[in-house]
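Heads up, what comes next is one protein chain in two forms, each shown on its own as C-alpha cells, labelled structure 1 and structure 2.
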Structure 1
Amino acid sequence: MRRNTFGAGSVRQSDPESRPDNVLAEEADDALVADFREKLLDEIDLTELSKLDLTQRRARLERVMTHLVASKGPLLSSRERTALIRRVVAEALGLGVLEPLLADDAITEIMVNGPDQIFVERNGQVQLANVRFVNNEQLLQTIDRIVSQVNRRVDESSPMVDARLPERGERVNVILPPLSLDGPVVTIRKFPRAFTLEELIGNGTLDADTARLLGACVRAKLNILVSGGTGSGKTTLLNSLSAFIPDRERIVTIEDAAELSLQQNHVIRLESRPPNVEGKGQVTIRDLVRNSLRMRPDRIVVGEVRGGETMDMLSAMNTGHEGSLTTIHANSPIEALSRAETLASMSDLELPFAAVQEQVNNAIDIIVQLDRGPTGSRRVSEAVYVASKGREPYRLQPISVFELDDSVGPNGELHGRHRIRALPLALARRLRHTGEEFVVNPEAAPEESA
C-alpha cells in the first residue's frame, strides 16, 4: 500500500474501500505497471494496432494484458489483476493515472499539482485522490499527449495552454514552470451531465414555483442572464432552462467548449477556436456572435460572456433576438449588471458610459443568481426583474428569493425555502401578453409572515 505523504487539512481524503470499480486502477503498483507496460509493447504489433479504432485497440490490449498477467504475472487477487490490466492499458492508450478519474461520473474537476499531488472534486467536495504520477517525466508525457492531439504546443517558451480532450471534450488548462513554481499544473474540467429542471427541483437547486416562473419567462422570450461564481452550476441551469424554448424555433448556441445539450430539433452549435501553434486561425466568441446574427436565429444562447462579445450580445438582445440566454461570472444580480457593463465597454466601440448602461438596461430582463454552499450544493439564491430602463440607475425587483432559516445541517448545509414575490406589473403584463399567465400554486405558496 502506498503511503500518502500529504495531509488533507480541510480537504477530505478519499476512502479506497468506497471507491467504484472504475477507479481501481490507482491501486496497481507503479513498478509492476512499468514492467508489464514493457511486456505489452513487446507483444503487440504497433502497425496492426494503428489500423484499429480506439474501442478495438482497447479491447485488443486488454486481451493481450489478460494473457500476459495470467502467464507471466505474480499471484494476484482478482481485484488486483483487474486494477493492473486497467492501469497498463490506460497508460498505453489514454492519460494513464488520470483515466480512472475521468471515468468516475461523480468527479467534476481534476486538479494535478505536480506529479505527487492530485485533487478531485467529487460530489461537490474537494478531495485528495489516492493516486499520483510515477515522476515528473510521466506527467510531462501525459501533458504532451493531451496537447498534441489538438495540434497545440506547450513548453518553456509557451508555458500556458488551453485545450480539449478530443474524445470526451473536457476542458484542459496546463501551466508549466517557470510560471508554475511547484511543477506542471493541469486542471481538467469535466462536463456536467444535463439535468432536467425536475432533477434540479429534486436536489434543492430551486423550487417548483420558481421553475414554473422561469419557464414562463423563457417561453415569453425574456432575455435571461444566469449569474454565479465558478462551479456554481450556471451552465447546468442554462441547459435546463433551454428546455422551455419551443421546438419550432431556430436556436444558435455559442460556446468556448461545447457543454450545452439542447434537445430541440433546430439547433446550430458553434464553438470558438484557439490559435494554432503559429498563433493564427483564432475564432473568438465575439466572431461567432457577430456571425450568428447572419444565420437567422430566433434565439441566441451564449455559454458565457467574458469580453467584448458582451456588447454584441446586448445589441442582439435589443434588435429582434429576444429570448436569448447567457451566463456571467458575478456574485450578485447588481454585480452581474455592473460586470456586463464593464465587459461591454471592452469592445472596440467607444461608447459613453450612459450609452453602455442604456444597452444593459434595455437588453436584460431577468437575472438568476446561483450560489454554491459550504457543502458544495448549488442553489438559486434569487431571481430578479430588471425594472430600470434607458439611462436610469440600475433598479432590480426580486421575483423569487431563497430565505434562510436558523437551522444548519450536520455537515454545515444551510436550510431555508424559496419564496415567490409579487411580480412587477411590467413583468406580469408581458407574461400575459404572450399567453403565459403565472399563478403561484396555492398549496406550495408559503404564508406571508405578519
Structure 2
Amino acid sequence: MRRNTFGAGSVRQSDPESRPDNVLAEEADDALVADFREKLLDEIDLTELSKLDLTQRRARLERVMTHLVASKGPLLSSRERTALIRRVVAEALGLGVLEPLLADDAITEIMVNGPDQIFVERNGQVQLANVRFVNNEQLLQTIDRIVSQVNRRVDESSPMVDARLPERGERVNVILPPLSLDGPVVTIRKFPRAFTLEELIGNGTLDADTARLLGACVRAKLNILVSGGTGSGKTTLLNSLSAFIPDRERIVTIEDAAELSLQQNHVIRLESRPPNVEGKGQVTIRDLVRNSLRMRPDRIVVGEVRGGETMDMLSAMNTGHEGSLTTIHANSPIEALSRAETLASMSDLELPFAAVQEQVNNAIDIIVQLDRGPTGSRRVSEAVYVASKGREPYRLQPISVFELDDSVGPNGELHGRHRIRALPLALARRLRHTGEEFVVNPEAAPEESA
C-alpha cells in the first residue's frame, strides 16, 4: 500500500509568487490531481524527503511538480497550473485534501462526513466544500496521521478520539464505525480568531470609555466575570481584556478546550482531559484550578465556569489570587451571580447557602454582560460593580450601560450608545493607582438588588 502523505506537520502559508491568493487549490481537476499524485510519488525519494524540514519539503515538492507539469502535463492556463500544483503538494504534505480548507481563514469549522462529503462553515454558513478524499482508505490515512501526532490511537476498539493539530491547535474529533454508521467522521474546529480591543471598539461591541474602564479594572486586579449567552462573545472579550494584564505577572489559564491566546510572556496553559475509553484518566477543570494554586500564579484565568470548580475559583479569588477572570453562561449580571452560587453549591463542600452567597459577594467585583443582537452583532449591554459584601443581599451598581435610543434598525437591531457612569467611591479608590481618571459619585445609590 502506498502512502500518499509524507512527514508530519502541515504548512498553512502561501508563497505569494507561485501561488497567487485568488487561486483556490479546490479548483484543480480531480482526475489530474490523482494522476499527478502518482507521478510525484514515482519521482521523489521518500527517505531523502523525510530528512527535510517542512519548508524545504514543500519547496522540493513544488519544484518537482512544476517540472512534472511542464514536461508531462496537458496544456494548462497558468491559473490551472497553479491550482494543480497547489493541491497535489497540499495533499502530499500534512492533512492532504483538508490543507486548503485549514488554510482558509474564512472557514471556522470543517466537517468530514465520509470520504466524499466534506462540509465547511464559512462566514457562519454551512456549505459543501469542493474537495473530497479519493476513497475511504485515504481518509483513514489522514485520520491516522492526525491521531498519531498526539500519540493516540483510533480503531475499532477505541473508536472516538479528541486530538489537536500541532501547529495552530485546531480541535479535532474523530469517530469511526461501528459507532458512526456511515463511515469515519471528522470534525475540526479552527482556533477562534482573537480580536483586539480596538477591533471590538470598532465593531461596536463596546466603546472606548468602557474599554478604558474595564482595562483599569483588570490592571487593578479586580475579579471579573464575563457573562452572556451561548456564542455571545464571552471568550473573545475575556481574551481581549487579558491584554491589560501586566507582562510581569505569571498567568495560569485553565480551559476545557484551549481557545484563549494570551499575549504575555509568562503564561501557563492548562487543558482538562476527558476520561479515556476505560473511563480512566479524567482531569477536570476543578482538578486544574486546585493544582494551579500550587503553581504560584499571579492570575488565574478560567475559560468558563460550569461546575463545582466555581467554588474553588471563588475561594482562590478570595484568598490572594485577585485579578482572576472567567466567563459564565447567564442572561443578566444578577443571574450570573445566582448561577455562580448554584454552580458553587455543586462542589462537594457542603456549605450552607448563606456561606456560598458570602463567597460570591466577596469574590466577584465586576460583571460584564454581553448580548447578541438579531443581526449577529455582539455588544456589552452593561458592566456592573458588585457593591454588596459579606452576607448582604446582592447589590449591583452599573458602571457602564448601553443606553437605547428610540430607533430600531431594519433587522430589528436596537440602536443606542454606550455610556460610562460615575463610579462608586469604593471602586474609584481601587482604580486610583492605575492613573486613569473617572467621574466619581460618592453617594452612588444601589440600583439593583436581589
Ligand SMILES: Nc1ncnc2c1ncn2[C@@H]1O[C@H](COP(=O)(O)OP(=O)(O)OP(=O)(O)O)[C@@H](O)[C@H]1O
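None of these values were measured; they are calculated from a predicted model. The term rigid core refers to the maximal set of C-alpha atoms that superpose within 1.5 Å between the two forms. Residue indices: 1-based, along structure 1.
Annotation: structure 2 represents the form predicted together with the ligand, while structure 1 represents the other form. After superposition on the rigid core, displacement of the C-alpha of Arg86 between the two structures amounts to 2 Å or more.
Once the rigid core is used as the reference frame, the Cα position of Ala354 differs between the two structures by less than 2 Å.
After superposing the rigid core, the C-alpha of Pro159 moves by 2 Å or more between the two structures.
Here the two forms are laid over each other by their core, and the C-alpha of His433 is off by 4.5 Å between the two structures. For Asp182, the Cα deviation between the two structures after core superposition amounts to 14.0 Å.
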